[in-house]
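A lone chain, given as structure tokens: the form predicted alone.
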């Protein structure tokens, strides 16, 4: 499964989210390849992604994509990320 983590700049926050998504995916037994993108390139990155994970405010900017979007409110909360992954992968 290809997962893209999106933040405003695609550098700091999305890297933090990427690390926590990898941890959450591992604990769920998901075989996940996780990448990062900024909001400007996220629509292009979505073409190769099975799932996008981002904040609520950035999710609004990605409406209209065929790729499912999981919204996470706290990028450091691995249990919230696990719940979002479960919801979108089952």
Partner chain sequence: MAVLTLSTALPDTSFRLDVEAADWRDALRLAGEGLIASGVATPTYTEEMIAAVEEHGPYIVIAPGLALAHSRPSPAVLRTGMSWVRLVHPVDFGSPNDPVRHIIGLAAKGEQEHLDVMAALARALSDPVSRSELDRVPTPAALRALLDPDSTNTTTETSTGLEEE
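Keep in mind the model is a prediction, meaning the values are calculated, not measured. Positions refer to the first chain, counted from 1.
Below, we turn to the form predicted together with its partner chain, even though it does not appear here.
K.L.:
Can you check whether residue 57 is within 4.5 Å of its partner chain in the model of the complex, heavy atom basis?
P.N.:
Yes, residue 57 is a contact residue.
K.L.:
Is residue 7 close enough to its partner chain in the model of the complex to count, meaning some heavy atom within 4.5 Å?
P.N.:
Close contact exists here: in the model of the complex, residue 7 approaches its partner chain to within 4.5 Å, heavy atoms only.
K.L.:
Wondering, does residue 78 line up within 4.5 Å of its partner chain in the model of the complex on heavy atoms?
P.N.:
Although its partner chain is absent here, residue 78 would touch it in the model of the complex, with heavy atoms inside 4.5 Å.
K.L.:
Is residue 50 a contact residue for its partner chain in the model of the complex, using a 4.5 Å heavy atom cut-off?
P.N.:
Flag for residue 50 set to no.
K.L.:
Can we say 11, 15 and 74 each have a non-hydrogen atom within 4.5 Å of its partner chain in the model of the complex?
P.N.:
Checking in the model of the complex: 11, 15 and 74 are all within 4.5 Å of its partner chain.
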